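Below you will find one chain, with nothing else, as structure tokens; this is the form predicted on its own, and questions on how it binds or moves follow later.
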């Protein structure tokens, strides 16, 4: 019996800022972003959007297909949680009308936790093959204005249904892990935006890749040449290129620049125009590969490197299932991305600075999002979510 990803769907805000606009305001060359970090646009959450609404919108097509009683567990991965106690997934559970017997839990470890959720979901399904587990990763990446990280903001959510005999990707049980206590990126409870040491974080990312890969090789018979494509955690698209060059060098793989690009390029297409989505980024990358690769990759091995600052990293593998292309949401995703609204720099600042009550004050939020679910406001320290 195989276990893995049976269906995958993602969602992002209907607003975006073109990084050419940011470059113009900053009086810098747009290629600093378009070429330097490989990013073109960054999603900006509407005032009535957050990790809950994006998560519910991402998961809706999956629940509409399998029904509200089919899922036994909902695992919600995020590093931009909205409550120190209550799992954000509990709100999603209600919005989607899911069964009361479905357990819900939230997971956190920077950008890595969605991978932990998937591995735990696979274990649950292996134990009870008739069950399905819904894994959702949802984040809003925010950095201080005029900081080096500003251009790597973004937002997005991805929902994945984990089941026995999956229709998209069979996940192998062998994994390579690496954990190390470092301070390359973190967000204290008293801050709305993260702190990051960019150069150090890149160094740690690559070191963790080496260590996780070495551990993977100890437990798996697969070698570098067995993989047709690789999905990496994507804080920005250029990071995947750096990572893959590093991994190829570690394995003494004699690849041309074109071959390096060929193994990762299709995973980057959505990230370039959405921006960083933290826990969701690698799996939006997988969606990008499955929906945009011009060749049929059924039966091909995919390598995954998941990285969460602080840090925890994991390398694992999966096999694309024959007939996968029939079960994608390609047209829906394309329509969502095509229908987004570009914002001016002034509108970007307005969205960035929209009130987010930290003092317990009440706030009513007007309807802006085009999604099915929205944050209606804050009342007596409670977040209020409704279906549009």
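Numbering follows the first chain given and starts at 1. Only a predicted model underlies this, so the values are computations on that prediction, with no experimental measurement involved.
Another form, the form predicted in complex with a small molecule, is not on view; read the next lines as being about it.
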{"item": "Complete contact of 110, 185 and 202 with the small molecule in the model of the complex (any heavy atom, 4.5 Å)", "value": "yes"}
{"item": "One stretch from 228-236, 250-258, 93-101, 313-321 that, in the model of the complex, holds residues within 4.5 Å of the small molecule by heavy atom", "value": "228-236"}
{"item": "4.5 angstroms heavy atom contact with the small molecule in the model of the complex for residue 196", "value": "yes"}
{"item": "Proximity of residue 262 to the small molecule in the model of the complex, heavy atoms at 4.5 Å", "value": "no"}
{"item": "Partner contact for residue 149 in the model of the complex: the small molecule, 4.5 angstroms, heavy atom", "value": "yes"}
{"item": "Residue 31, heavy atom within 4.5 angstroms of the small molecule in the model of the complex", "value": "yes"}
{"item": "Heavy atom within 4.5 Å of the small molecule in the model of the complex - the one residue of 176, 166, 308, 303 that qualifies", "value": "308"}
{"item": "Sole residue of 69, 35, 362, 356 within 4.5 Å of the small molecule in the model of the complex, by heavy atom", "value": "35"}
